[in-house]
Structures are given as structure tokens and as C-alpha cells.
Ligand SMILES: Nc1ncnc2c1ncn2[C@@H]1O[C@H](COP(=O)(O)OP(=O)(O)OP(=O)(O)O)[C@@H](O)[C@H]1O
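One chain is shown next in C-alpha cells, namely the form predicted alone.
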Amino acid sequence: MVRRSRGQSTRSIYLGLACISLSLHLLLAIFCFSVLQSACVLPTVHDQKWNGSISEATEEAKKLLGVEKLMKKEKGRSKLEELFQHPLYNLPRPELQEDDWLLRLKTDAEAEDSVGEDEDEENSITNDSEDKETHPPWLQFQLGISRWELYDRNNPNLAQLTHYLATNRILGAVQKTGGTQLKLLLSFPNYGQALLKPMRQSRDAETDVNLFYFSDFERHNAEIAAFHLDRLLGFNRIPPVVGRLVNITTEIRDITADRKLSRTFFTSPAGNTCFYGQCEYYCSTENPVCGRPHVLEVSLAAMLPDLTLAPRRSWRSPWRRSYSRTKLAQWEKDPAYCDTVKQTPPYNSGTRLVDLVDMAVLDFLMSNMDRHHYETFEKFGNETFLLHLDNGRAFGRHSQDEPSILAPLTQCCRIRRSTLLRLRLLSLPEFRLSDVVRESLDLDPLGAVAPLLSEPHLSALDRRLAAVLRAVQTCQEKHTDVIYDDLKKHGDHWPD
């Protein structure tokens, strides 16, 4: 009897332990299942918007890129942030007078008083009693253009504008007239517009060494990189440019009102949607722009004010190339060519000559040989900056430099002090031009797809920057008036 009772007790203990073990395993299984489920389910905001259509799939990809960019911004202080904290990038701005703004807002009272009058009509916009901050980003950008720069780097509207161009719904697309290659004019809500240049070749494709500079494709990533480089040099003379993924089918073909453009769409043998438009060069079925199968990388540049509001003057560059396969331009044959330029208006006074040298430095760094003209706003006369427009042929070759682009500097031996000091700053290891350009480009939406400039192109920036500094040093060894001191008004504490 004692043995039987002990056996029953032992079995009860084993049964209890088995139940406890089974309960623990069940709880553990439930916990693991809930963790895996929450880790694998996408946020509900994406589930609600996705229904399998092409256009919404494209939008989904853009939003995911945006999330990745936000994650990268969470990192600590960077070289780029340190650079923009430097005094050379925070010089006091001159006090702007009314005539120093390209456009101005009319009050309602002024609008009523000017009915039937033409005074200042060409560069005025009616205010409609709205605060300036309520205007769409594209209009705030245009209202912020002054005599000395296109934008203030510290203005938060700059980020709002690029976000507007990269994310807003596209309402219309037509081919832009003029120029030699394909580009489109896109329309956005609130009357915004942008100039689109499509991806024509891979980012790391280097221009054939046997091609002339005027026979090369324009590059969408070159337009983006040129804007970032111009800003890092402290010029602020290129309109803001941002990368974007667009759907050729739903965001161009299906909404265009341009019949000539719409007739050039076709489906390639690989099943990709393509088009080629109408232009002077590279607009044919042999040189189409194609999606993969619908999605296309593009650059979008903010538009300057309409020419009826803010007329611009086009100037032929004194260092324009001949655009001939056999002939050389005068500056390529005459070492003393700059002596003639210095005696010719508007280069014989003011800052126009050092403005041109600034542009030559920018072009040399990105290897842009296609600077035949430049523009200024007519309202400001000769006392203003030069617009650095149309940079699509930059960053073609990284393995070769083109010293002739620096001719304005090497022949005239003249450069702004602020420009020289920034170049020296960007040559230091704690900043390094290639590092800050890489970091700046990484903030663009297309930076999540692939680096906008390959590492060989970034390395070429450092090599070319060293070449610019050597050219200045050579000038200083031969001349005493190389530096145009634009920092004198900011004190004498700047290094030589």
C-alpha cells in the first residue's frame, strides 16, 4: 500500500511538471510569433495606399527613399555642418535696398493705384494681402533673388523648395523649346514649374576620349552635382536642383498636352517605356530615353522668374570655344589675350572679371568645357552676379583634367580673396572637397539609389582643387595684384 501511494504521488509530480513545461513552451511560442509578426508587417500607411498600380508603386519607392534620408540625418555633426559653420560661410550680408531685389510684392493699395499705369510693372507681383511665408516655395525662391545671389543658403525655404520639386504631384509635361538636347518643362500645384533633364547614361560612364566636348550627352546627375558644388564654393548662383524618380507612363506620357512629344513614345523590345522628343541632337529612336520599365531618374531644376517679369541678358563668354573641329579660338592662340579683355567693358571695371574667374574655377573642378555664354538679370546692370546655368555636360571624364578651362585665371591672374580662402579651406583634411561633396549629394533623394558621383569623380575634385591652388601660387610669384580683396569691409583678420 505504501509503494502504491508513493507511485501515484510520483506520477502526479511528473504530470504537474509536464503541464508547467508545456505552458512555458506555449507562452514562448506565442511571444515569438507576436515579435515576428510585428517585425514583418509594413506600416499601415503603406498598406492603405498600395493597390498595385504603377504610379503608386513609384510613389512608394520615393517615400521609402525619403525615410532613408531622414535616418541618415540622425547622425552626429559632420564635415558639411562644420564647413557651413565657418566664418567664411557666414559673412555679414550687405544691407539690401529696394532696388537690390529682383522682384517685389505690391500691396493691395499699390495694385489699385497702379491700375492703368506701367511703372515697375515688369518686376512687380501683387501681394494680395498675403504674408510672404504663405506663398509656395517656388515663389518664395524667386522673391528671394537679390543683386548678389540667387538664394540665401540659410533660408529654410531652400529645403522646402527641393522637397516640393521632389515629392509634389506632376500636373503637366511639355518639351521645352530651344537648346540642343531633350528637356521637359513640368508643372506642379500652385503654378510651380521645373526643368527636367533625364538620365541618358549610367553615372559611372566616362565620356569617350575621342568625342568633342560639344558632342556629349547631358547628364542629370551633373546638374544635381553642379548645384551642390556651387553652393559648397559659396557662390549660390545655380538655381536649386534635386533628383527624382518619375514614372514615364503616368507622369509624362499620360498627362502631356504636347502632341509632338506624345508621338515619340514607344515600347522597346525589352518592354520598357521610351520616348525621344524633338531637338537638335540626340532626339531619335536611336537615342531614346527609357524607363525601367516605367521609372526614370531625372534632375529637376527650379525655374527662374519668367522673362516678362525679370528679363535676362545673355553675354558671349570671352573664353568661348570655337565649337569647330579644326579651328582654335583667339584666346587659345594669344597668351596676352586677357590684356584685351581687361580693356573691354564690362571687364574693365567692377567685379565682372573675378566673377568670370569664379565661374572658370567651378567649371574646371567639374570639367565643364561647354560654357559659351552666361546670363545676368537686366535690372541689375553690370553690378550683379553671373548665373551659372546649364551644367549638364559636366563630370564627363574623371581620368583627365582640362587645364584650358582655367584660362581666365591663368591668363588674367586675378581671383577673389573670399574664393581663394574657401578653396584653401576645402583643401584641408578636416573638410576636404570630395568629402563634403559626397555628404551633400547623399542628402539628395537619388543618393539612396546610387552615389550621384562615383568615387573617381570625387577624387578628381581634390586633384583639380590642388591644380587651382597651384595656378594661383604661380600667378602670385609673377604678379603683385592677383587678389581682389572683397573681404576688406569685413575686417583685416583674414589670412593672406
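Given the structure is predicted, the values throughout are model-derived calculations rather than measurements. Throughout, we count residues from 1 along the sequence that is shown.
Same protein, other form: the form predicted together with the ligand, not shown, and the subject of what follows.
**Student:** Answer yes or no: in the predicted bound form, does the ligand come within 4.5 Å of a heavy atom in every one of Arg231, Leu425 and Pro429?
**Tutor:** Heavy-atom distance to the ligand in the predicted bound form: none of the three under 4.5 Å.
**Student:** Please determine whether Leu195 contacts the ligand in the predicted bound form, using a 4.5 Å cut-off between heavy atoms.
**Tutor:** Answer yes; at least one heavy atom of Leu195 falls within 4.5 Å of the ligand in the predicted bound form.
**Student:** Is Pro156 near the ligand? Define near as a heavy atom within 4.5 Å, in the predicted bound form.
**Tutor:** No.
**Student:** Is Pro239 close enough to the ligand in the predicted bound form to count, meaning some heavy atom within 4.5 Å?
**Tutor:** Result yes; Pro239 sits at the interface with the ligand in the predicted bound form.
**Student:** Find out whether any non-hydrogen atom of Gln140 is located within 4.5 angstroms of the ligand in the predicted bound form, and reply yes or no.
**Tutor:** Output for Gln140 is no: heavy atoms all beyond 4.5 Å of the ligand.
**Student:** Quick one: find which of 89-97, 255-263, 282-290, 297-305 has residues within 4.5 Å of the ligand in the predicted bound form by heavy atom distance.
**Tutor:** Single hit among the candidates: 297-305.
**Student:** Please tell me which of Lys79, Arg397, Arg200, Arg312 lies within 4.5 Å of the ligand in the predicted bound form, judged by heavy atoms.
**Tutor:** For this set of options, the contacting one is Arg312.
**Student:** So which of Asp363, Asp355, Glu218, Glu251 gets a non-hydrogen atom within 4.5 Å of the ligand in the predicted bound form?
**Tutor:** Result of the distance check: Glu218.
**Student:** Scan 149-184 and note down the residues that get a heavy atom within 4.5 Å of the ligand in the predicted bound form; none is a fine answer too.
**Tutor:** Counting only heavy atoms within 4.5 Å of the ligand in the predicted bound form, the contacting residues of 149-184 are Lys176, Gly178, Gly179, Thr180, Gln181, Lys183.
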